[in-house]
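Here's a solo chain for you in structure tokens, the form predicted alone.
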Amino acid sequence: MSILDLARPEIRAIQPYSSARMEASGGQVLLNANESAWAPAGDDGAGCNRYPEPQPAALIERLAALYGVRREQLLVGRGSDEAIDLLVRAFCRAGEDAILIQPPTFGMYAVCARIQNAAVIEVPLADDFRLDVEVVLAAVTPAVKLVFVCTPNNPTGQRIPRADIVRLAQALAGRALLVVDEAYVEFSEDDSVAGLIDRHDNLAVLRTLSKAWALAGARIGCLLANPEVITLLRRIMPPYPLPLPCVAAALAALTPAGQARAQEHLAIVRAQRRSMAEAMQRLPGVRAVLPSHANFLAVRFDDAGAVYQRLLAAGIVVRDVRRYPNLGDALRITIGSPDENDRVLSVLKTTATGGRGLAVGSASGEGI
């Protein structure tokens, strides 16, 4: 059985749009795309009068090397959100098929499914936010075409053991595509599961340059998967997803100097995450700080709503995740710069002590 047997038959049969840039083939006089012959004004406009490559070769090569996959196993687009949307549209028939998720988790999986009118089967994580493989597999019906797993998970920060990913991939073979979202894997101690793609043709992995690579504004994300899946999704992907300035920013970030800079910042975030967790755990009004392998902390409060409002009044915006299952008392706090983290702790100390202050240390203390 081919993995494409799980995809919508009408998508498998579709004739993809042939873009003008794909037809260029090295031509020197480009008169096939109705572009302007003149570059726009400004130093940043060079080349912008021409459509970009649909899948920029230089960026594909660099990302494939970064993630340890072959070029034909990689699709690059506008953040991993676009890959999620493409997967749902390619594999889920409206009103018939479904995805499976384990809340609390990233909300875009369900949003993309509901836009497609695909059902969303929810198998909540355990009270300690573990994923129970057997419970997940028991919920997989013939309608389920995609099973999403986020590790480290957003918004809780816990990681899914590699052995559980392997068990899911094996058990879902011929039944569903397992999509592992590794948006935060660089902040953990775990290796990517992308190396398992050659062994499991129903495994797909989402990666992004938005987090660890500081390119959220450039919107560069990847899907790593079986080449047949990549080819299928390229059929329904818009022809020019990546603007030239975004490609240039990504290529600059992935140079040796850019990679060294990213590693420095990753070390700071990991150390700050540890210091922030330790400091907040000593604060009155904090029920618990969930263990995190991402660049954020999920924190339980006695009165999360009041804490959220006090932080907002101090000019600090955190994520209110109280609507998520089993997180009715929690806020998600991104690990920022040392100064930003100290500002958060300062507000929390003042809130906890009625303005008297509390000696709990700072995120930028000794050892950072």
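The shown structure was predicted, so the numbers you read here are calculated from the model rather than taken from an experiment. In case it trips you up, residue 1 is the first one in the sequence shown, and so on.
One more form of this protein, predicted in complex with a small molecule, exists but is not displayed; see below.
Relative to the small molecule in the predicted complex, residues Asp81, Phe106 and Tyr184 are all within 4.5 Å by at least one heavy atom. Contact annotation: Cys112 falls outside 4.5 Å of the small molecule in the predicted complex, judged by heavy atom distances. Mapping the unseen interface onto this chain, Cys150 counts among the residues with a heavy atom inside 4.5 Å of the small molecule in the predicted complex. Proximity of Lys211 to the small molecule in the predicted complex: non-hydrogen atoms within 4.5 Å are present. Using a 4.5 angstroms limit between non-hydrogen atoms, Gln73 is distant from the small molecule in the predicted complex. Checked against the small molecule in the predicted complex, the candidates Ser292, Gln102, Ser275, Asn154 yield a single residue with a heavy atom inside 4.5 Å, and that residue is Asn154.
With the partner omitted from this view, the residue of Arg93, Arg219, His200, Arg270 that lies near the small molecule in the predicted complex is Arg219 [heavy atom within 4.5 Å]. Across the options 166-174, 139-147, 202-210, 245-253, residues that bring heavy atoms within 4.5 Å of the small molecule in the predicted complex belong to 202-210.
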